[in-house]
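Presented below, as structure tokens, is a lone chain in the form predicted on its own.
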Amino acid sequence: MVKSDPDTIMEATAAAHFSGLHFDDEYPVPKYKGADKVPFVIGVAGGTASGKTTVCDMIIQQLHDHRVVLVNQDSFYRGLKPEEMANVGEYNFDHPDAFDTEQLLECLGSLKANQPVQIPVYDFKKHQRCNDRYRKVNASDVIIMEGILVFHDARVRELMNMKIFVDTDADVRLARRIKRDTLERGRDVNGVIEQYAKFVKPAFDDFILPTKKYADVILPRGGDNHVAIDLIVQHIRMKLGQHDLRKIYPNVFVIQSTFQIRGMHTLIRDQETTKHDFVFYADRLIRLIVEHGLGHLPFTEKQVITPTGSIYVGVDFCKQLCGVSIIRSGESMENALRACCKGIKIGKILIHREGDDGKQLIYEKLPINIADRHVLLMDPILGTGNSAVQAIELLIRKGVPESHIIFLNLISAPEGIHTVCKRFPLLKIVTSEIDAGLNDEFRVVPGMGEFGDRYFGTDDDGPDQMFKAPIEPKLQQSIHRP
């Protein structure tokens, strides 16, 4: 159901009614400002056990290629005072005063400002917050705020870009609440029913149902209404796409995200991940990026005869190809390229940092006929973009056409994408994720730390590996100023 004006809401009773679903443009569209993306905030309200969490989970699953965080209003219950605990059966947990709205506002404000927050953890059996436990939540593309009274306070509503009210039959909600509270919260059936009749239903009529008028979308049947949820997700994707760098720069390609890829990113970004696991999962991701990058090379049609005697019309690989790694992190991508392209020539470029505003090229060794080849430039992290610009300018000076360069990396910062794409609009960038931006120390955040140190083990304080000392002087001799 869609709001037609502030006072009139037209209710939909079947999924077919959503065929004409539209959304008002009254809520603000996130705008891209430098490295900051204003998160898209979705409020999901409704009666107890209406299916709000199920709806949120379905939205999160369909938005798997975006960073999404779920914030539950239940986390912001106030801890009961001793006198309230002594008479807990008379306490109304569905009243607006049961929540710490000021802390909720503070957390939402920080998340909208791309700042991490500590969400409290509430113990529903003890009716107290856990003093030693918090849930850390980082800034994300989408923030979903879920709870029975998230529309009650006007200040909270103003922070939302979309407001969804999950409308489920009262008998269904009561049955779900009985099952949830007895199994998950250790309460007896009679107590749940008594609380429902005394507090929950009156609070729904007095505080929750009136907030339905603020909803942009009313969702009958909750998670069972797949048609409506699909349309909601399409709208969210459209809004997010308005500040998507891929819309701004058509030469930026991000490999399609899956839970498998997000899982590997989670592992390599975790500071507790061992070097062995970091290298293993980084190699897997790099292989996917290399394969995707090869897909952007020119191909020619080729016909072959199959073992069945049939003709198969396919394509022939690009023959004039080479790789160039930016020492030293870029060298971690060489094995994946060799595995995909047998016998490929690989050049090297070393750029020494002189602060973050300038770079100094101190070594290069490239194939002699590189001007006649397509070049896969490799560096796992695109941060400020200064090193990439130096390397790309060198390749162009060597005669490589800008359109023949494909820059492969694991993660990119928006600042680096702006720097490279504005300077070289014909070059292609292939990455697996675009991060939030750079911090004050010009490090990509959330990032994964110093990639080269983690990959090659030079951040390890453990004992030196055998032969490590003799190898370093030879490497030092081979890298010299031209």
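Sequential numbering from 1, following the sequence displayed. What you are looking at is a predicted structure, and each value in this text was computed from that prediction instead of being measured.
The form predicted in complex with a small molecule is left out here; the points below concern that form.
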* Structure fact -> Assert contact residue (the small molecule, in the predicted bound form, non-hydrogen atom within 4.5 Å, options R155, H127, R287, K345) equals H127
* Structure fact -> From I268, I148, L377, A228: within 4.5 Å of the small molecule in the predicted bound form by heavy atoms is I148
* Asked: Only one of 249-257, 119-127, 232-240, 396-404 gets a heavy atom within 4.5 Å of the small molecule in the predicted bound form; which is it?
  -> 119-127
* Taking H352, F451 and D459 as a possible spot, do all three reach the small molecule in the predicted bound form with a heavy atom inside 4.5 Å? -> no
* Asked: With the partner left out of view, is D94 within 4.5 angstroms of the small molecule in the predicted bound form by any non-hydrogen atom?
  -> yes
* Classify T48 as contacting or not contacting the small molecule in the predicted bound form by the rule of any non-hydrogen atom within 4.5 angstroms, answering yes or no. => yes
* Determine whether any heavy atom of K428 comes within 4.5 Å of a heavy atom of the small molecule in the predicted bound form, and answer yes or no. => no
* Asked: Does the 4.5 Å heavy atom contact test between R185 and the small molecule in the predicted bound form come out positive?
  -> yes
